[in-house]
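What follows is one chain in structure tokens, specifically the form predicted alone.
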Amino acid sequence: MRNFNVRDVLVGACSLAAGAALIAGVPSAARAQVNGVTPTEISIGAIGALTGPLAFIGAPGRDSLSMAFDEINAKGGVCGRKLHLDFEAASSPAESIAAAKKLVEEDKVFIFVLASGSTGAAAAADYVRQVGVPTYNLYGSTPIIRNPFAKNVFNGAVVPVEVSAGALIKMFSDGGYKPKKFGILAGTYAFPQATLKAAEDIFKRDKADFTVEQFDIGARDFTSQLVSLQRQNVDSILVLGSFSEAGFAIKQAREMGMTNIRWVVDGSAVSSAIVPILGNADGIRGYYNAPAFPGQTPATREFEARLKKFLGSVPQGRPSIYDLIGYGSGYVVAEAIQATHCQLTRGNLINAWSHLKDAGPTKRGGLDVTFPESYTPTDHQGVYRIGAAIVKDGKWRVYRVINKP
């Protein structure tokens, strides 16, 4: 819509001498278009997978950001403007880079949001550092997104892999359990590989006995990997993969007689969707990037009700952690914009974001479902806390909060 209006002005100026008054207004309108701000709207662009094995990340990101922006807009928006989300579907690295370039260079959004998993976020990381657009990484955990440090890139609820790997390993000892030999079952794609390296470093440092087996994305048959782990007499297994991958792996292990295993799964598997796959998921542990699981608190129950109303129905396995993070992140975006004192340039936004303290939904009347985010000019990781979660009576529950290990 904004491109159409500016182009009309330019065409009119060329063809009508009487268009001089309109031409005089073009420079300010063009400048507004460049940074994604008009007198009535602020454009935020986001990318994420909406189909394929990583759609469980992208679809919640799109939906929950949209819901948060709708709530904010219903209360008057930010700086007298409505927040508008432009979402581009992207799964592969090539698609992610193309989508990022479209949003930044053609659509000229004010803020760019990585609502993709580590694969897409890692692919776009160098590009956003180069162009300097204010970028908010919601879900990617791989080091390439954070290193080298860039003043325009901000990381939210998903902690660095060194933090999440340390938290996962600590969960094996909860309740007095004493592992003798660890097995790691890891996907070969970006997110699990980053966590795998961090976990291996910790195990080596602690001189723990461990072994590693790997699988391709979307795997359903884990026979060879599980046979190897069984032969090596592991009594504790860390699964680094999605809820479907972890669910089928654990189910298959039980069918093979591997019943006395302590299972710990990473954040992408801590989903209610893993419960129907297993039937009995009680005792499985994993980390959660929020202080409570959906349904555990009044705020998370209200969130589920609002999401159901917003979508019409809630798909199986949702709300997920990606819904909660997307919702909370939408409010952080609003708070960062407001912190510019409505001097809406990208430079002002980056500076304001770098000084946010305890940002999150509650400051603007939203639901308390995420950890608050704080930033400094030299540390753009907004959160270092993780919820340790366990399945009890068929439901996930956060049973303690782990600060940075």
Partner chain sequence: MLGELGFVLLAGVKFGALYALAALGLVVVHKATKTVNFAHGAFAMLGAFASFLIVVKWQWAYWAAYLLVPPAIGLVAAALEFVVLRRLRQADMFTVVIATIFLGIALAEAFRLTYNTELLAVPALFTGPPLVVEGLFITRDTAWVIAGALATAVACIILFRYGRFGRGMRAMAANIRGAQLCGYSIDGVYMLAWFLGGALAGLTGVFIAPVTGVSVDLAISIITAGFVAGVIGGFDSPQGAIVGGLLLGIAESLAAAYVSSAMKNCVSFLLLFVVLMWRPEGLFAERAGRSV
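Residue numbers count along the first chain shown, from 1. The structure displayed is predicted, hence computed values, not measured ones.
One more form of this protein exists, namely the form predicted in complex with the partner chain; it is left out here, but the text below deals with it.
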request  = May I ask whether T51, S224 and E255 each come within 4.5 Å of the partner chain in the predicted bound form, counting any non-hydrogen atom?
outcome  = yes
ask   = Tell me which of 269-277, 201-209, 324-332, 299-307 has residues with heavy atoms within 4.5 angstroms of the partner chain in the predicted bound form?
value = 269-277
Contact test in the predicted bound form: K178 vs the partner chain, heavy atoms, 4.5 Å = no
In the predicted bound form, F69 touching the partner chain (heavy atom, 4.5 Å) = no
ask   = According to a 4.5 angstroms non-hydrogen atom cut-off, is S244 in contact with the partner chain in the predicted bound form?
value = yes
ask   = At the 4.5 Å heavy atom threshold, is N260 in contact with the partner chain in the predicted bound form?
value = no
Sole residue of A336, V369, I42, A59 within 4.5 Å of the partner chain in the predicted bound form, by heavy atom = A59
remark   = Assert contact residue (the partner chain, in the predicted bound form, non-hydrogen atom within 4.5 Å, options K151, K251, K82, K170) equals K251
